[in-house]
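Two forms, one protein chain; C-alpha cells for each follow separately as structure 1 and structure 2.
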Structure 1
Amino acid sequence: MDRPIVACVLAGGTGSRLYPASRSDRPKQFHSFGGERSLLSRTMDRTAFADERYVLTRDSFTDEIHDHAPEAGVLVEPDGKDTGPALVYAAWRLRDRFEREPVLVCLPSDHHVADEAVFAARLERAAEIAVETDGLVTLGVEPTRPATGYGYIVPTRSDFDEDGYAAVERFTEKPDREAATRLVDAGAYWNAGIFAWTPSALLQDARDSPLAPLVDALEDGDPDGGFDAVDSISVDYAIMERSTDVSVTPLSVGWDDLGTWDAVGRVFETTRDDTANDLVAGEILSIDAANNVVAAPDSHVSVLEVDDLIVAAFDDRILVAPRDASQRVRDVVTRLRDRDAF
C-alpha cells in the first residue's frame, strides 16, 4: 500500500472486570495470564507489520508501557475518558505525521488470538479496505453465544467472498440478552473492537457525534480543553453506532476478549484439569467441583462441591462470584473506588 500503516494499541483502561488481578496501578494488560509475556507485549508482537506503532494510554501507565512495549511510541491522552476521546486524539496526533496521510489500525491490548499470522494479514487487509472505502472498518467475529459484553454488527450482505468486506447496516453496542439473541439469529457478527480508518475519516464522523467539541478544540490546538468538554464514552457508542460509513471484514482466528474471568476460563480451557481451572499457577485441590475459574498464583486453593465459580486471589485481595456474574465484577470495583480501595 502506498500509505504508512500505523498501529494504535489501546492500553489506557483499568480492566476492572478482572479485579483483583487488575488494580488501579496494575491493570490486566500488564499481566500474562498463562503466557510468558504480558497481554500488551503479545499485542505488540501481532502488529510488527506496521510502519510505526504507538500505545495509547493515560499518564500514570507510561513507565510500565515502556517496559512492556519498548518498540512503540507512547501517546498520552490528557485524561482517561474511554476509547472515544482516546481514538479521536490519536487520529488528530497522527494525521499530519507523514507526507501522505497514514491509515491507522486500532486494537485493544487484552485479546487472545490463536492464529497470529492470519490475524496480521486480516489487519493489513482492513487497512487497505479503510483506504478503498474512505470509511471506518471493523473486524467481525462469528458469534458463538448471545454475549452481552460485545458490540454487534449487522452487515448488508452475508457473503464476504469477492472483496472480503461488506457495508454495515447497523451497529449495536452491548445489547441486553434478548436483543443479543435476536441479533445472533439475524446473522450479526461480534465487533472485535479492532478498527481501521484514516484519521480524516474518523475525525469527520466524530464531528457528527458527542465528541464534536473535542474535535473543535483539537483543531484549535487545545487538547486539554477538548477533553474537559466531553464526557467519558467509548468509540462504539460515540461513533460506530452513529456512522453511516462502516464496513466489516471477517476475523476467523480463534479470537477472544480476555475481558472477564469467564473469558479467561474459556480461553485457557486447554490448560485446565477435569474439575478446576489451574490457569494462573497456584495450587488447586478440587473435589467434586467443576467448571470453576481459579486464579490464585500465590495461594493453595481447595474447592469442594461447587460449580461454575470464580475464585481469584491476588496479593491480599480475594474475589468469589458465580461465573455468570463476570460482567458485574465491575460493580465491585465501583464500590471499592468509592472507598478509595481499588
Structure 2
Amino acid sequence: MDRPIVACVLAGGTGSRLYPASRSDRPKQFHSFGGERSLLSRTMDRTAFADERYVLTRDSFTDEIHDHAPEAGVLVEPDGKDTGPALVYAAWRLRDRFEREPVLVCLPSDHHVADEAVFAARLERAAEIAVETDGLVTLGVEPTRPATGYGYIVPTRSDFDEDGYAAVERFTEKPDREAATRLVDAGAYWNAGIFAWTPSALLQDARDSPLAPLVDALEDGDPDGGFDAVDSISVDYAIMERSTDVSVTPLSVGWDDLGTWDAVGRVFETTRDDTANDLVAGEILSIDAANNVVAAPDSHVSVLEVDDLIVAAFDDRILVAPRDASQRVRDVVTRLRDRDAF
C-alpha cells in the first residue's frame, strides 16, 4: 500500500471488571494475567507490521506506558471519555504527521489472540479495505458461543465477496441469550472493537455525530474545550452505528476480550487441576470444587465444595463472586469510587 499504516492502541481505561487486580493506579493493560508479558506489551508485539505505532492513554499512565511499549509514541487524551472522543482525538493528532495521510488501525490493549500472524494479516487487510472504500472498517470475530457480553455486527450478506468484506446492515449491543443465539445462527459476528480508517473518513463522519463539537474545537486548536463540550460515549454509539459507510471484514482467529474474570479464567489456564478449576495466579488447594477462577498471586487459596466462583485477592483486597456475575464486578467498583476507595 502506498500510504503508511499507523497502529493506534487504546490503553486509557482501568478495567473495572477485573477488580481487585485493576485499580485506579494500576489498570489491567499493565498486568500479565498468566502470561510472561503484560497485555499491552503483547498487543504491541502483534502490531509490529505497522509503519508506526502509538498508544493512546491518559496522563497518569504515561510514564508506565514507556515501560511496556518503549517502541511506541504516546498520545495523551485530555480527558477519559470513552472510545468516541479518544479515537476522534487520535485521528486529528495523527492526520497531518505524515507526508501522505495514513490509514489508522485502532485496537484495544487488553485482548487475547491465539494466532498472532493471522491477526496481523487481517489487520493489514482491514487497512487496505479502508483505503479502497474510503470508509470505516470494523473487524468481526466469528463467534464460538452466544455470548451476551459482546456486541454483534450483522453484515448485509452472509457470504463475503472475493475482496473479503461486506457492508454492515446493523449493530446490536449485548443481547440476551435468546437473541444472541439467533444472531449467531444468522451469521452475525462479535464486535471486537477493532477498526481501520483514514483520519479524514472518521472525522467526516464525526461531524455528523454527537462528537461534532469536539471536531469543531479540535480544528480551532482547543482540544480541552472540545472534550468539555461532549459526553462520554463509545465510538460505536457515536459514529459506527450512525454511519452509512461501514464495512465488516471477518477475523477468523482465536480471540477473547479479557474484560472479566470469567474471560481471564477461560483463556489463561496456567494450571488446571483434576477438578477443572482455573488458576490464574497463586497456589490452590481444591477439594470437591470445580470451575472456579482463582487469582491470588501472593496467597494460597483453598476451595472446598464450591463451584463456579471467582476468588481474586490482590494486596489487601479480596473479591468473591459467582462466575456468571463477572459483568457485575463494575458495580463493586462504582460503590468504591463513591467512597473514594478504588
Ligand SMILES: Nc1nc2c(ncn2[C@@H]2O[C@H](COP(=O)(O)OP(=O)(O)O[C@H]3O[C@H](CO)[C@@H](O)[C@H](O)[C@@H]3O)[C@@H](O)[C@H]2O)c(=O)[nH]1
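Superpose the two forms; the largest set of C-alphas matching within 1.5 Å is the rigid core. Predicted, not measured: the structure shown is a model, and the values here were computed from it. Residue numbering: sequential along structure 1, first residue numbered 1.
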Of these two, which one is the form predicted alone? 2
Core-superposed C-alpha of residue 144 shifting 2 Å or more between structures 1 and 2: yes
